[in-house]
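Listed next as structure tokens is one chain, alone, in the form predicted alone.
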Amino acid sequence: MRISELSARSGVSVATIKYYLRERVLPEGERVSPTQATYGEAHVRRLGVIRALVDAGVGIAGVRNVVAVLENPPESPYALLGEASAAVNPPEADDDLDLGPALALLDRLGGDTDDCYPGQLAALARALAALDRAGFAVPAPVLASYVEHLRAIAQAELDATPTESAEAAVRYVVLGTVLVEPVILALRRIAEQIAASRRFGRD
């Protein structure tokens, strides 16, 4: 298909497609003349991933990170999942970060530092430090519930991860991170409202 057809199929403007081509997050089409190229279904799928990331607030640098994993996926499924997740949420350097509280939660999840991809433990430590600065403590029973249910969610998501190709797995992990986390947050808030209405009534 020509670039105009690719635009119609994907819902992405020709100008934006050309921008993605210049930024090398969308692969070049097959040249049929010095000024024209044809594109295939892989380009439609890639544009779908790019637009989902951009619509979710991921910048072009983050998109480039995801594309790098798509084009050069590691052989290890563990590394593939870790790199796909890190591509969307790059680790931040912080030498003064206290990892103690995060390590304690990691132990409750049944893991150790070797299980965590670089940056994941630090992200948890930063979130816990923010709670501490605000003087807010998650009650122990609530924290225990988080650990129990998030372990179950993680296992369910892992069981559902596609295995037919690295691209399918990366797409699932990346879009599952960017697009599903807001769904989880919204469901949590709705569940709290339902629980509150049952406990206290609506009036």
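A residue's number is simply how far along the shown sequence it sits, counting from 1. Because the structure is predicted, anything quoted here is derived from the model rather than measured.
We do not show the form predicted together with a further copy of the same chain, though everything after this point is about it.
In the predicted complex, at least one heavy atom of Val183 sits within 4.5 Å of a heavy atom of a further copy of the same chain. Put simply, Pro27 is far from a further copy of the same chain in the predicted complex: not one heavy atom of it is within 4.5 Å. Contact check for Leu109: a non-hydrogen atom falls within 4.5 Å of a further copy of the same chain in the predicted complex.
Under a 4.5 angstroms non-hydrogen atom cutoff, a further copy of the same chain in the predicted complex lacks Arg64 among its neighbouring residues. Along 123-137, residues Ala123, Leu124, Ala127, Leu128, Ala130, Leu131, Arg133, Ala134, Gly135, Phe136 each place a heavy atom within 4.5 Å of a further copy of the same chain in the predicted complex.
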